[in-house]
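In the block that follows, a single chain appears as structure tokens, in the form predicted on its own.
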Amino acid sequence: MKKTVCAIIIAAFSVCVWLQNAGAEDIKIGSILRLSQGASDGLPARRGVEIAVKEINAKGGIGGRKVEVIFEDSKDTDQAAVAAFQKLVSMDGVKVVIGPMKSSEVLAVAPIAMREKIVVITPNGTSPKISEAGEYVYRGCSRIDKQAEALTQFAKDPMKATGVAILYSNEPYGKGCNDLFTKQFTALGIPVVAVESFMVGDRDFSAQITKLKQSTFDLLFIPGYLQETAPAIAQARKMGIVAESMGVYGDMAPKYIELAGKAAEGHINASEYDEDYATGKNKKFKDAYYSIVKADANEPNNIMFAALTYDAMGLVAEAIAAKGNSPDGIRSYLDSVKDFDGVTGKLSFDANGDVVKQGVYIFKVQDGKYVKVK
């Protein structure tokens, strides 16, 4: 009888210990980033998440539970992004995913996110279509049409451009930019006089540049990713094009200046992040990020992408702390948050899940550095 009672007590104690440990399990967050193809953007984005998680866990985690982020590689394909998302949901049991980074990948995973009721926060997907992807999908950057509005207006005043040539990346992002910016330039009275395209992976742009040179223009707009846009402007300069140059978010990285060399000088592009944003939180973030960059000569440097994912992780942590680790709890917080203290500004979300903040910054390359001009 005594043995039976003891066995029951031991079993009950074991169950209590198990329940306590289960309650203390790490909170798992998913993240799908460009960790192989496009790693010059994706690895900085990963660092942003990691810096935020380190800070959170150093303070005891969320409700005493540590945060664990499971990173997956999108491999710059919609199929890989979908496979990564399905794995995170079905095998890892995450309730929220930071990423993917490319618009087409966000749109590919959105139907699954809606079906499975999993929150998605893309740090830099810019397509307007994301606004219609469903109530579980959010974005932490400005839409491409907001970039277009800011950049084309800058081209009109103070640049006073009178004609623009476009050399765009022939994939969804570049094609979308070509269509949207053409409309915006035209609406502002700046005619688009010539249009050429290139493929992802191209390194020889001489044929396209030769055709562009047959027209007269004082602004060359090259939307795409820096792996192509930087050598494209370098070749354009070597072939005698002296028009001012303009690009989009993909050019906002020291790697662009490195690849373009002297041809980067004077280049105009937009950004979501201002390193001089004067808050203690931003200073702490910058110090943490640059300590990582300085520690490894091979570490890609793109603080804008790190800042965007740092804020995304901060929002997720606040959401879970306030409303619990459920998709609907996280949604409830994101839908109601006002002026979250981020390093990219004071953040809120509108009814479509689009971020609301200070707007788009304009930067110009001067003496080999990005300088904010608006």
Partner chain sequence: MFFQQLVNGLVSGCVYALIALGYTMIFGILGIVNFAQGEIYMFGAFGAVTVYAATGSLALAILAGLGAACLVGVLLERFAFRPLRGTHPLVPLISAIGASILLSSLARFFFGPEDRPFPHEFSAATYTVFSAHITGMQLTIMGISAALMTALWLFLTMSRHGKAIQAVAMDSDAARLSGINVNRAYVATFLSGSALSGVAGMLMAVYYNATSPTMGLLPGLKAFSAAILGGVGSIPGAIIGGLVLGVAENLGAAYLSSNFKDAFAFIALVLVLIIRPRGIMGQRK
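Positions refer to the first chain, counted from 1. Predicted, not measured: the structure shown is a model, and the values here were computed from it.
Absent from the display: the form predicted together with its partner chain. The rest refers to it.
Not one of 77, 129 and 145 is positioned with any heavy atom within 4.5 Å of its partner chain in the predicted complex. When its partner chain is considered in the predicted complex, residue 262 lines it closely, a heavy atom lying within 4.5 Å. Under a 4.5 angstroms non-hydrogen atom cutoff, its partner chain in the predicted complex has residue 40 among its neighbouring residues.
Interface membership of residue 301, defined by any non-hydrogen atom within 4.5 Å of its partner chain in the predicted complex, is confirmed. Not displayed here, its partner chain is approached by residue 207 to within 4.5 Å at the level of heavy atoms in the predicted complex. Taking a 4.5 Å heavy atom cutoff to its partner chain in the predicted complex, the contact residue among 92, 179, 258, 287 is 258. In terms of contact with its partner chain in the predicted complex, the residue from 213, 87, 156, 281 that brings a heavy atom within 4.5 Å is 213. With the partner omitted here, the stretch from 272 to 280, 179 to 187, 250 to 258, 120 to 128 that lies within 4.5 Å of its partner chain by heavy atoms in the predicted complex is 250 to 258. Residues from 161 to 199 that approach its partner chain in the predicted complex with a non-hydrogen atom closer than or equal to 4.5 Å are 168, 170, 196, 197, 199, in the order they occur in the chain.
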